[in-house]
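For reference, the chain that follows is the form predicted alone, supplied as C-alpha cells.
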C-alpha cells in the first residue's frame, strides 16, 4: 500500500517531530494498519498541544510537556548486561517474558505458554495475525486529554506485545514485559494488547526503567485490555525511570459480560508522568478494578486521569489511587464515574488518598460523578494530609526511630494498593522497589 502524507497547517506551538518516528521492523504490515499510521500522523499535525484552559489539563505543569524535540531511538549499547540483569530480576512465576531495549526486542521466551495462546511482538502480530489484531487494536479514542500523544503513538513504530488467550484457557503464572530505555529525548512507543476470550485468565506485569540516571527518554505507551464472557485480565505497570525521563501511558479496558479487568499503575520515577485509564463496563456482570500506588519526590509530577464508564446494567467498578509525596513533588488526580442511561443497578466506588511527607508537596484531586440511571450505589472521595504525628509517636514509644517510623507508615499506606494484586512474587517485587526508594529519600 502506498500512502501520501500531507502536512496541514501546524499548531501555534510548533513541531515536536518533523516526520513520523518509524523504523524498519522487517515485516509486511497490513494495509489497514498503514492507514491508521497515516491518519494518526495527520491528526498529530492538526491537534494543538494541551493548554491551561483545557479541563483535562487542569493543574498540570505544561512546561514539562513543551517538547522541543523528540528524537528517534538508536540501539542500546551493552545489551548483554541488561539481559543478565533482567534474567536475575524476573519474578519467580514468570511463565513467559520479553525484553525491549530502546524499542528493539532483544530477548523473548513464550515457549512455556499453552500451545493455543498467541504471544508475540506487536509488529509480528500485525503481520501474522492481522484480522485478530484489527478487531481489538486502538478501538477506543483518547478521551482524557491525550489526543496529540495518542496520535503520535499511532503514527510511530511500536514496540510491545500482543497476547491472545483463547476460550477456557487459564494461564498459571505471569507474563513479564520489560523495557530499558536510554538517550536524550528519545521517543519510545510501547503498545500492549491483551485479549482474554470466554472464561480465560491471564496476568501481565510490564516494567519500565532507564539504562542510566542521566538518560531522558520520552515514553508514549498505550495498553488495550479486552476481556469477554467471563474472561479475566490482570495488568500491572511498574515504572521506575530516571529523574530526567517523561512517561505517558494511556490504558483502555473493555469489559464484557461477567468479565473482570484489574488494572494497576505503580510509579517511582520520572520527572513527569501522565497516566490515563478508561474502563468501559459494556455488558451485565462486568467488573473493573483500577489501582495505583505512587511515590514522588524532588520536583516530580504525577498526573492521573481516570474514567469508569458504566454502559450496562448490573456492573461494578472500584478505584483506589494512593500517592505519597515528598520534597516539592506534585500529583493531580481527576476521576469520573459515569453511569449511562439504562445502566441500572450499578455499584461503583472511587477513592484517592494523598500522604504529604513535606510542607511543600502538593496534591490536587478532582473526583466526580455523573449518574443517568436508577438504583445505583456510587461514592467518590479524596483525602490529603501529612503523616499522623500520633502514629509516629506510637511507634517511637516502642523504640522505633522517627525516620524509620515515617517510612514504615508510608510503606503501609502504599502497600494497601499493592496487596490488591494477585501473585505473591509480583507483590514482593513491587514492595521491595518501593521500600528501596523510601530508603533513598
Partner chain sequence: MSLKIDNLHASVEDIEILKGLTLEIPKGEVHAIMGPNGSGKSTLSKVIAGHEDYEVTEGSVTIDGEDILEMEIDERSRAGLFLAFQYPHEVPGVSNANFIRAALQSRLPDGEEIDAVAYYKDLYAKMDELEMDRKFTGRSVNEGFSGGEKKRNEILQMMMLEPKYCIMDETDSGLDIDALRVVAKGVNAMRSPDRGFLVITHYQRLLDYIVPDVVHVLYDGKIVKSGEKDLALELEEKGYDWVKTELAAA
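Positions refer to the first chain, counted from 1. This is a predicted model, so every value here is computed, not measured.
Note that the form predicted together with the partner chain isn't included here; everything after this is about it.
message: Only one of 38-46, 393-401, 24-32, 58-66 has heavy atoms within 4.5 Å of the partner chain in the predicted bound form; I'd like to know which.
response: It is 393-401 that comes within 4.5 Å of the partner.
- prompt: Counting only non-hydrogen atoms and a 4.5 angstroms cut-off, does residue 70 reach the partner chain in the predicted bound form?
  reply: No.
message: Using a 4.5 Å cut-off on any heavy atom, which residues of 403-424 would contact the partner chain in the predicted bound form?
response: Contacting residues: 404, 408, 409, 412, 413, 415, 416.
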